[in-house]
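There is one chain below, alone, in structure tokens, taken in the form predicted alone.
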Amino acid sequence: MNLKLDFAVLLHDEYPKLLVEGVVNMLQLTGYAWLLAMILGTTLALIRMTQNRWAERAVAVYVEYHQNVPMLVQIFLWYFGVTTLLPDFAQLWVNQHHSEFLFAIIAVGMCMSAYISEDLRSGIRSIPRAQMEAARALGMSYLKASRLVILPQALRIALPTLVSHTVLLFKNTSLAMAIGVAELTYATREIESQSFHTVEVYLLATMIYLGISLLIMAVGSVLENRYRIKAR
């Protein structure tokens, strides 16, 4: 076998621009979806803390759905299904504002919020209930006690799993190519179909994904060391 790699082909024509735009779109999708996942995940975890039976069941159904249905199916449901249920003016608006990017953010963010809510719930359950009772006894409202006393500790305890799920969210943004989001995998496939240099193109994409994943884990490791709750 005579394998000759020619990475110089990646500098031809519009390929560098496609790759840069793919990386930018990938990072933007990751950032927006992560924000949505954190906000929704925190809200769901707090709802479960209320010990309202109906609210807990509703959150449990939400979590089970998003953890047991493939993310690609969820993306298709939002892009091809939910769009058709919208009023005409809403369909027109989303189609004029990069609907594929918008629905990819919603699908990935909502799916990962289920995992993040479970991470935070585990962190919350490891905090002695007496702390919430003491905060309430001091006159704090439920939300204030959660925000100032419980959540900061839960975030620190759940940090390792939150980092793992952030990496998972980042990698899953590649699924957005299925509905036409021009992120890195989409750009890689476009270049490969035009240049036929499959190995070089996918090796470069692999290195980019690996580099960013390792960077996220490195930042997470620094945060874990800095904010770890020391055993007494």
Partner chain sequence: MTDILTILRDNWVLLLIGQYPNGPLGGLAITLILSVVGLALAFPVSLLLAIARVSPIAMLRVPATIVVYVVRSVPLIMFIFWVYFFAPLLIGRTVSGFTTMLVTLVIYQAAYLAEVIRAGIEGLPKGQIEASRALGMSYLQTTVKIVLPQALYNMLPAMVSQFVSTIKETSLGYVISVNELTFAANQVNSTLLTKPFPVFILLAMIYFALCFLLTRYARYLERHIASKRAGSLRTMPAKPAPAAAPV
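Here the structure is a predicted model, which means the values were calculated and not measured. Positions refer to the first chain, counted from 1.
Omitted here: the form predicted in complex with its partner chain. The next part is about that form.
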item: Distance check, L214 to its partner chain in the model of the complex, heavy atom within 4.5 Å; value: yes
item: Contact of E192 with its partner chain in the model of the complex (heavy atom, 4.5 Å); value: yes
item: Contact of T166 with its partner chain in the model of the complex (heavy atom, 4.5 Å); value: no
item: Exercise: Y15 in contact with its partner chain in the model of the complex, heavy atom 4.5 Å; value: no
item: Joint contact, F80, Y115 and T198 to its partner chain in the model of the complex, by non-hydrogen atom at 4.5 Å; value: yes
item: Contact stretch among 135-143, 100-108, 151-159, 67-75 - heavy atom within 4.5 Å of its partner chain in the model of the complex; value: 67-75
item: Residue among L203, L27, A58, L35 with a heavy atom within 4.5 Å of its partner chain in the model of the complex; value: L203
